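First comes one chain, alone, set out as structure tokens in the form predicted alone.
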């Protein structure tokens, strides 16, 4: 691991959905910067692969299978982070799913599943992580929301509702726990290249992200382009930032383009 930036040395970090995509990039960068990382994922093989990658590069990591809908699993993950690092300082809530249906099409169990993974799991993890952070004198929580939480997407009623909930839950926790020196922030990614989104792209006429075409930068983000801002929010450089919702979307939500003006 590079010694150029070791600002998370001695910190214990718990990352959900760290087996691929944004979570993987967060876990790898935290480890490069000195944190001991509990790599959790619903896929034990994916979690193990990322932990092995960290270990091989000289970092400290442990893999743990975790379904964020499992309350006991969340408690076990918090305990495992404390055992690994001596405490828990950093929590990254990355896990998320989408079932692209409107409310008329969606079944109740599908609605409940999206809300459980995307929103309720953040309550669960924060509930058990915050007492451990308080024992360390403070900490940082970063939640991965979405631009769908600030700008509705068609046929994504449950997803937008859950991510909008993440935005307000983030602000609420920031207010409630600032006195404990626990900062809580969120990132709202736009179109990002992950295994899940690449599955959507295969169904588009071009085989590419249609969201990226709507974005002023005309491309999707790579996972590390979301991971870096997320990690910034957990770093000492963001020591006076809490309750922030950082949109990382290549300009998608900056405004709308009027083709007539481009032709003038």
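Quick caveat, the model's predicted, so the values are computed rather than measured. Residue numbers count along the first chain shown, from 1.
Form predicted together with a small molecule: not shown, discussed below.
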For this session: Work out which of the listed stretches, 92-100, 170-178, 75-83, 129-137, brings a heavy atom within 4.5 angstroms of the small molecule in the predicted complex.
Result: 92-100
Seminar exercise, completed: Residue within 4.5 Å of the small molecule in the predicted complex by heavy atom, from 88, 145, 119, 141, is 145
Problem set entry | Contact check for 8, 31 and 183 against the small molecule in the predicted complex, heavy atom at 4.5 Å | no
For this session: Mark residue 195 yes when one of its heavy atoms lies within 4.5 Å of a heavy atom of the small molecule in the predicted complex, and no otherwise.
Result: yes
For this session: Answer with yes or no whether residue 54 is in contact with the small molecule in the predicted complex, where contact means some heavy atom within 4.5 Å.
Result: no
Exercise. Applying a 4.5 Å heavy atom distance criterion, does residue 17 contact the small molecule in the predicted complex?
Worked result: yes
Exercise. Using 4.5 Å between non-hydrogen atoms, is residue 48 touching the small molecule in the predicted complex?
Worked result: no
